[in-house]
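A lone chain, given as structure tokens: the form predicted alone.
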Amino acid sequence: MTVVLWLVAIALAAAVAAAVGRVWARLGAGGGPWGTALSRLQRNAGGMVALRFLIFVASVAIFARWLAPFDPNVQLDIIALASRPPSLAHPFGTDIYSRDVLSRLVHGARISLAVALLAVLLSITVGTAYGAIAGYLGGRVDAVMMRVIDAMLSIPRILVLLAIFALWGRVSLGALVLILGLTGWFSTSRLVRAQVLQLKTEEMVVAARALGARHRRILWRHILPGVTSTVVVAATLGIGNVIILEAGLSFLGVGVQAPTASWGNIIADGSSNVAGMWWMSLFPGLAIVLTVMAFNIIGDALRDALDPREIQPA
């Protein structure tokens, strides 16, 4: 039954990937900078492979409840099934508490991806707003706001996170998302600010200002659309970074709290005997590496596709 469900998941992911390809083909046929960029992205073989893999991982995370052969938190048999290597009954083995590792890996995908996506969404929103305001206002306001960013960037993010969790202790998933999101927007704000400094001198912005348009309207209608490509690329690359951060924090016991499954704390459960329980590190480690690599590849592909020096209006 589990094999059938996994075949259905693979077929579903393939169908979604094909649908995305058809939509992109129609958008690309429409011309324009975004249509041209989507067409160029579709011709990037590595980027499309990475996208299909991410669609598969997302499908597994969404349908984790039906794809997992066991409940991820149930101790099946603490005596007979604890620390068992991979087998037909348990393809990824069991952990020291006799829980099925495949089930925990599947449910951990939902947690790791959800935390990363929500945290990056928050950081991109805050960073875009901060950078846009600093770049648009300019002058002393810009100088003060950028000095704040310089000060925050001078401190390694992992040290900030460890200090926060050392003071705070155990946190909920919502608090984890907030902490990761509110400590990851500094670089985005600098990128957006640089784009806004350039865009606010464009003729359309000068004309809108001369016609008496409000600052909020100028930012929303004329400047922010111009930084969308930069924000999209930064968000895509940022997701992989947050996945690694979350896994590291969960491994240390200050991220996602047990018994909730996360790729990081699955590795931590087998860290006391890595050589003897190699499957506890191998399978979640591969999931982290492949997922982060896929996000980085698709981020690079998006950067190339959205490069204004390469895109010519149709």
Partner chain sequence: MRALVARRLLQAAVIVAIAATTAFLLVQLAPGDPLGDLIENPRVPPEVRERLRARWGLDRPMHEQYALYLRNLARGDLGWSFSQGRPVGEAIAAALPNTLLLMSVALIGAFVLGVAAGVIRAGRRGSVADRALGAGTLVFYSMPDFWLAIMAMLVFAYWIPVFPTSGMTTAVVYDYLSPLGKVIDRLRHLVLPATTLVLLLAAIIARYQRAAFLDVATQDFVRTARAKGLPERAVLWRHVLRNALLPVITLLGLALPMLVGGAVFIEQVFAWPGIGRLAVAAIAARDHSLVMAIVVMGSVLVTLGSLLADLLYAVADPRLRLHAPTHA
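What you see is a predicted model, and the numbers here were worked out from it, not measured in a lab. Positions refer to the first chain, counted from 1.
Keep in mind the form predicted in complex with the partner chain is missing from the figure; the text below concerns it.
S.K.: Pick from 107-115, 216-224, 151-159, 174-182: which stretch has non-hydrogen atoms within 4.5 Å of the partner chain in the model of the complex?
M.R.: Answer to the contact question: 151-159.
S.K.: Which of these residues, 163, 74, 78, 207, gets a heavy atom within 4.5 Å of the partner chain in the model of the complex?
M.R.: Looking at the other structure, the residue within range turns out to be 163.
S.K.: Only one of 62, 282, 49, 41 comes within 4.5 Å of the partner chain in the model of the complex by heavy atoms, so just point that one out.
M.R.: Contact check passes for 282.
S.K.: Indicate whether residue 54 is a 4.5 Å heavy atom neighbour of the partner chain in the model of the complex.
M.R.: Residue-level check for residue 54: no, no contact with the partner chain.
S.K.: Does the partner chain get within 4.5 angstroms of any non-hydrogen atom of residue 67 in the model of the complex?
M.R.: No, residue 67 stays farther than 4.5 Å from the partner chain in the model of the complex.
S.K.: Should residue 256 be counted as a contact of the partner chain in the model of the complex, where contact means heavy atoms within 4.5 Å?
M.R.: Contact check for residue 256: no, nothing within 4.5 Å of the partner chain in the model of the complex.
S.K.: I'd like to know whether residue 289 contacts the partner chain in the model of the complex, with contact meaning heavy atoms within 4.5 angstroms.
M.R.: Although the partner chain is absent here, residue 289 would touch it in the model of the complex, with heavy atoms inside 4.5 Å.
S.K.: Determine the residues of 247-281 with a heavy atom within 4.5 Å of the partner chain in the model of the complex and present them in sequence order; the list may be empty.
M.R.: Contacts from 247-281: 247, 248, 249, 251, 252, 254, 267, 274, 275, 278, 281.
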